[in-house]
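Only one chain is shown below, in structure tokens, and it's the form predicted alone.
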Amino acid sequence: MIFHPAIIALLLSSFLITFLILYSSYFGLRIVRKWDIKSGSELQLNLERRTYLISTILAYVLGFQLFSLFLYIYTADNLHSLFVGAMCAAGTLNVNAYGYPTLILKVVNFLLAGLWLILNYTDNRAYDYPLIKKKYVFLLVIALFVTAEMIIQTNYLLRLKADVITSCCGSLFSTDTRGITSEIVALPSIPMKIAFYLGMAFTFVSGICFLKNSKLTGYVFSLASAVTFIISIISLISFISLYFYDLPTHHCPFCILQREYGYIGYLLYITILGGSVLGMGVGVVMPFRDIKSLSEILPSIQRRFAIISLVLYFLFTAVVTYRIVFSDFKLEGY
């Protein structure tokens, strides 16, 4: 199983990403300790030259870190036919104890990598790099999570055994199981629909208010984006997936990634993850609006992030709503 091309790609990319991030973190420590933009010393000039290279490398590395989440899910789904009992990625991830922890870490690292890229993009727009120490301190945090992901993912992939009997998504995402998934599945659909649409509505309202130059609502929009992300993921399992399957008991969040459903899951996950990262990014850079070198350019950067975030949220909501309205399947009369 270790020689499967997708597994090799995941292992090699994980090792490479971790190595480059750890190397960049080592350089980041020097930045945090020694950086002084007002100095004309040889050390400062060397740091300035190196930071161009490191920032470029990290942009590509963290960009691939974003992509690796979908590669991991695709690989898990592609391998399900090798395991008895597995019908999709849900069963493959349940083959051993490391599958789902890896997925959780990949989602967390997707959000963290996206926020670092936003911070780096903002910092590079200013002539004096006012956020350089902050972004490298943040990188140290990311390095810990990426290293943990690499270790757990390696354990998961190396421990995949084709003779293991695993569980199908129907049993993993049902009220008969014990754990958080059964609690989500058991949530009543009408209150969840209300929570989902209220969350989206509040996010849109706060985003539009922010676009009208209200500084306070920048933080509100960022917080709303984070909460909406959580509500949306829960809603996908609780009731949204049911409308795509036209079944009242099929709550799997992975089957919608398959061809028979038009790979619609990828669109849903890309839009909600992208919208959430950009929405939260508005709040992450909010404290730096008063920095002289950013005061004129940061508002326009934030507006761009907010607009793209709202467009992605709209696409997610539109796809979900279209399916609910036009599907022949009706859940609790709706």
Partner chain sequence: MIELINIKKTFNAGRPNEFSAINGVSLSIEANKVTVFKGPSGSGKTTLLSIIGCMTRPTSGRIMLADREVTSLPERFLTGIRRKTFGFIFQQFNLIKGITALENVMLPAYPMGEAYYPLKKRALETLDMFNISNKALSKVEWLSGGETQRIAIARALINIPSVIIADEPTAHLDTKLSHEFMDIISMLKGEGKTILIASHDPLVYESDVVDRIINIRDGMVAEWV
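Residue numbers count along the first chain shown, from 1. Worth saying up front: this structure is predicted, and the values here are computed from it rather than measured.
FYI, the form predicted together with its partner chain isn't displayed, but the following is about it.
In short, of 31-39, 284-292, 305-313, 269-277 it is 31-39 that has heavy atoms within 4.5 Å of its partner chain in the predicted bound form.
A126 is the sole member of A143, V227, A126, L211 with a non-hydrogen atom lying within 4.5 angstroms of its partner chain in the predicted bound form.
The closest heavy atom approach of E296 to its partner chain in the predicted bound form falls outside 4.5 Å. Of the heavy atoms in Y52, some are within 4.5 Å of its partner chain in the predicted bound form. Contact annotation for 44-75: residues with any non-hydrogen atom within 4.5 angstroms of its partner chain in the predicted bound form are L45, E48, Y52, listed in sequence order.
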